[in-house]
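A single chain, nothing else alongside it, follows as structure tokens in the form predicted on its own.
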């Protein structure tokens, strides 16, 4: 089970000081702002097992109105919480400077998080097969998750394995109604 604590959704809102203006034990210093993440992870891990619990974070810049004044400190602290919990994996959306769907306003934080989180780390955002292989070879990640490339490539694993170029997705159809953008991308010939 993956806990979605990213992309400006509820847990992410608690994590970041740009949206968390609470004055109780869930607001203020980083130690308080990671409390909800810690508690949710604890309950899920007790229910399904820590070995079946993953977390997704987005230590990139502002997203859906959420940002933080010290993201490195915040997300390293979050990684420490997840390390203590012994979760199965940590997935992070952290686009690079040339991000195609959001751009960071600070250097990557994943390397600092990797120093404190020793479990499997999965990165995603704007990877192509060559970039994914390089990130794994460099030890930046244990795996790369592909999201948008799957939209236009229903046969993505086969394309990667066979060196077939990836088809480009059409953003205007991501959340459209009907078949367009969901079932009309062909498999490689």
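Numbering follows the first chain given and starts at 1. Please read these numbers as outputs of a predicted model, since none were measured by experiment.
There is another form of the same protein, the form predicted together with a small molecule; it is not shown, and what comes next is about it.
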For this chain shown on its own, do 125, 151 and 174 all sit within 4.5 Å of the small molecule in the model of the complex, going by heavy atoms? yes
Listed residue (50, 136, 43, 145) with a non-hydrogen atom within 4.5 angstroms of the small molecule in the model of the complex: 145
Counting only heavy atoms and a 4.5 Å cutoff, which of 66 to 74, 29 to 37, 157 to 165, 117 to 125 contacts the small molecule in the model of the complex? 117 to 125
